[in-house]
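We begin with a single chain expressed as structure tokens, specifically the form predicted on its own.
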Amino acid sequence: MFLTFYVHPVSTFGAVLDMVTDRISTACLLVILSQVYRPSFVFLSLLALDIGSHWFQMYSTFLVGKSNHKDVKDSTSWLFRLYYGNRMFMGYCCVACELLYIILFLLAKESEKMTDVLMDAAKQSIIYSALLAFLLFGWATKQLVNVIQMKTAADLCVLYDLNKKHNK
């Protein structure tokens, strides 16, 4: 995620490397959190959604012949277009997501529920509450975009297969 803001991928290799490093950093955080909090399937499901949605997006981009997986101008989802069309908004969502995971790790206490940890942190001050709300909004938006991304890309793959079958 941070590589995107420092090195703008100008090649296919750069774009893939950028996405792979983003997925690896997120995967590491989610696997660690799955060991700290229960039920762990929540974090492992988020990991599957993150990797799966981005894989589908890259694959569908390849199938339809687009040069960039962030080219979603033809999408019917306004949120999906906003996310990939506005680097500041996408950056906010990505950074909020990663920071929330890091904060969850730093605040973790043995045998405590994640919701209790977040509520305790929010009760400490209005600043913590506002920060957590800001991060949770970015995190939730990114998860929603991942769901939209997976569905949109899966639909494109199905359409590609149907067109291929029809043109035989």
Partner chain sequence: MTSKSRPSTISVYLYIPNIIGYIRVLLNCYAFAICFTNKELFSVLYFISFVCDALDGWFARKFNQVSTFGAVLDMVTDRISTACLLVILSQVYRLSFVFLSLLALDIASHWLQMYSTFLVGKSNHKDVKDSTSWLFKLYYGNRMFMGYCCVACEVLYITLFLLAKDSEKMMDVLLGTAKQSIVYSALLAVLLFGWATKQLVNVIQMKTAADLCVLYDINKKHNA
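Everything numeric in this text was worked out from a predicted model, so none of it was measured. Numbering follows the first chain given and starts at 1.
The same protein has a further form, the form predicted in complex with the partner chain, not shown here; the description that follows concerns it.
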(request) Could you work out which of L44, I103, L132, M114 is the residue within 4.5 angstroms of the partner chain in the predicted complex, going by heavy atoms? (result) L44
(message) On the criterion of a non-hydrogen atom at 4.5 angstroms or closer, are M19, A48 and G52 all touching the partner chain in the predicted complex?
(response) yes
(message) With a cut-off of 4.5 Å between heavy atoms, is S125 one of the residues that contacts the partner chain in the predicted complex?
(response) no
(message) With a cut-off of 4.5 Å between heavy atoms, is C157 one of the residues that contacts the partner chain in the predicted complex?
(response) yes
(message) Would you classify I24 as touching the partner chain in the predicted complex, given a 4.5 Å non-hydrogen atom cut-off?
(response) yes
(message) Within 4.5 Å, heavy atoms only: does M119 come near the partner chain in the predicted complex?
(response) no
(request) Could you list which residues of 34 to 65 come within 4.5 Å of the partner chain in the predicted complex, counting heavy atoms only? (result) S34, Q35, R38, S40, F41, L44, L47, A48, I51, G52, H54, W55, F56, M58, Y59, F62, L63
